[in-house]
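Laid out below as structure tokens are two forms of one and the same protein chain, each shown alone and named structure 1 and structure 2.
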Structure 1
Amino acid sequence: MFRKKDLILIAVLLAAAAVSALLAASAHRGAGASVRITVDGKLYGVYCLTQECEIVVDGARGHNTLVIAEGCAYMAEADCPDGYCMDYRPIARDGETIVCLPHRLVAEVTGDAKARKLDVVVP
């Protein structure tokens, strides 16, 4: 079933996955401070992770409700066709993201200390 070149391919792919996983791990392991929401690549708002709240994002393509509770952020509601954004595990570490592709929305945890002092930053 498997030939020699297949096994080489599998080994190369596993190595690529391991190396990129290590790089990703080194890039975001610290605790996050705030959640940065962008729609269509533009900043929608920055929200403190310690402040429990519900953020309703009204984008041009639809609605998403991001909830911040117990230091984590998760997508509680969305009217996108696939609903994948609601399947993401809660995010809390620096660099973690939740993506809603149909609405072109990204919620990204940042370690930005500036947001620690603020409840909400609106552009």
Structure 2
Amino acid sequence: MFRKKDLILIAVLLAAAAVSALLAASAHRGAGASVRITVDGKLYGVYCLTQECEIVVDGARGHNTLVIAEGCAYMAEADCPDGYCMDYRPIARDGETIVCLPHRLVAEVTGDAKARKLDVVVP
């Protein structure tokens, strides 16, 4: 059937294919243009990633401070019991998120920094 060298070759090829797929998927994400913050499923605000600022979100469930600096957003403060949201790395690419489950807060990078041109608009 298969020899040991055959199995090693198959494993190496599968690993190379997996790494290539991950690299290709991450390459398609462009730099984001804004951060969209929702609290408990409701829009709290949309903020541009090019303007440095601190966004303080005081909700019924607690307090969070999101900082936008150098084109990235990160959670600087949160009074939730676990503090996991502060452990996220800064986000800047389209589709990246920071989630604070106890406060039901989601910060998501949206939009492409480069303007997308539409070819056709279908009703």
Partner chain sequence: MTARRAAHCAMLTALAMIFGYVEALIPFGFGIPGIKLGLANLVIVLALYLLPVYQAAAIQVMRIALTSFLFGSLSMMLYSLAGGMLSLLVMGLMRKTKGFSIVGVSIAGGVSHNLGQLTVAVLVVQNLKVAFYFPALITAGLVTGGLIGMVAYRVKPVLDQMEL
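The term rigid core refers to the maximal set of C-alpha atoms that superpose within 1.5 Å between the two forms. Treat the numbers as computed from the prediction; the structure is a model and nothing was measured. Structure 1 provides the reference sequence; residues are numbered from 1 along it.
*Asks:* Pick the form predicted on its own out of these two and give me its number.
*Replies:* It is the second structure that is the form predicted on its own.
*Asks:* Does residue 101 move appreciably between structures 1 and 2, meaning a CA displacement of 2 Å or more on the superposed rigid core?
*Replies:* It does not, since the residue 101 C-alpha is displaced less than 2 Å between structures 1 and 2 after the core fit.
*Asks:* Quick one: how many Å does the C-alpha of residue 6 shift between structures 1 and 2 once the rigid core is superposed?
*Replies:* With the cores aligned, its C-alpha sits 20.5 Å away.
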